[in-house]
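Here we start with a single chain on its own, the form predicted on its own, put down as structure tokens.
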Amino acid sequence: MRIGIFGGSFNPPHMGHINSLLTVQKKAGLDRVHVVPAAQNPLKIEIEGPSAEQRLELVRQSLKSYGKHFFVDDQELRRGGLSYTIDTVMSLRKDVDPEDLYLIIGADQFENFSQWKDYKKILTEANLIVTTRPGWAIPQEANELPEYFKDLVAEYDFNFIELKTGRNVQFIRLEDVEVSASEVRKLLRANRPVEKVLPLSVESYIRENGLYRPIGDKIGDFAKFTSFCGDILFSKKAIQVRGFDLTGISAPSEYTLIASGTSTRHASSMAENVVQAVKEEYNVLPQSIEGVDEGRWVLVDYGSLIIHVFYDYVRQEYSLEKLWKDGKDLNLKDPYIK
């Protein structure tokens, strides 16, 4: 039997996931695909959302109308802790030969695959299927492959690569569904229609269990919360920390913070420190966090407060403060300067 592995946070599972699963199963001729919710992705910061058990049930709900080819595999949730794909691959290898095992990832993940734990071993123990993703193209020729990957190639043909490990990589084009989990979460928290991006069974489960509600009730006073986050940034040596009350103007949030770091690493570190401090003080995680891997522009979304942490050089390019000139400057002061 040809067995696929399709992992992810599934927070929540949406029509993009379903489209990918159905297309890959058919085009690659897979007999069964193990859909594996992760306990915690080691390359992502944890965000506010359903429990692991609820995400597992959401995946079950999303697949119950799609037949026998898909198996919801809870092994990573049972293991707990950080989820590493190599562990799941080796678990399935007990029953499946490497030539019959296929790891399914998106083109965005393929670009950063060298960051995965034991990625070269994965490419010894399983084949790879790489799908298109909105905004991400798949390589058209060998020189477009990621640098880390080029030395692993034994033979390159259009949409198919033979690897020196004995395994292969197949590229599959999807009729992309323009949706991401972060976009779906925003729609749900804003109580906007989601029938085009979520299976009905998934939407029903979310509504019945009160998932993806706005986090404002946990935070309460967002003016005070903005000041708290600003103090954390000051404590980590942020440059030019500014806060704005945007309640009087049209803006994506009621409050915003902007700060700079002396490097991309400093910017990412400051954003992570804010997330940790808020979790400890308010027991709340962000609704989403973007850009932390690169550190050029990290966006931390707490609903009514959005925090922008830049590498200072990049901040000067965007001049976001000009967008908020009609808002109220909170005139934040560094409490650590005596």
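The first residue of the sequence shown is number 1, and the count goes up from there. Here the structure is a predicted model, which is why all the values come from computation and not from measurement.
Below, we refer to the form predicted together with adenosine-5'-triphosphate (ATP), which is not included among the displayed structures.
The partner is absent here; in the predicted bound form, the one residue of T132, T88, N168, S260 having a heavy atom within 4.5 Å of adenosine-5'-triphosphate (ATP) is T132. For the options A181, L145, I206, L123, the residue carrying a heavy atom within 4.5 angstroms of adenosine-5'-triphosphate (ATP) in the predicted bound form is A181.
Not one of H34, L101 and N112 places a heavy atom within 4.5 Å of adenosine-5'-triphosphate (ATP) in the predicted bound form. Shown alone here, G106 lies within 4.5 Å of adenosine-5'-triphosphate (ATP) in the predicted bound form, counting heavy atoms only. Remark: R189 does not count among the residues lining adenosine-5'-triphosphate (ATP) in the predicted bound form, judged by a heavy atom distance of 4.5 Å or less. Though the partner is left out of this view, I138 does not reach within 4.5 Å of adenosine-5'-triphosphate (ATP) in the predicted bound form, counting heavy atoms only. In the predicted bound form, adenosine-5'-triphosphate (ATP) stays beyond 4.5 Å of every heavy atom belonging to V72.
Proximity to adenosine-5'-triphosphate (ATP) in the predicted bound form, taken as heavy atoms within 4.5 Å, picks out 181-189 from the listed stretches 264-272, 157-165, 181-189, 223-231. Residues are counted as partner-facing when one of their heavy atoms sits within 4.5 Å of adenosine-5'-triphosphate (ATP) in the predicted bound form; in 27-55 only K44 qualifies.
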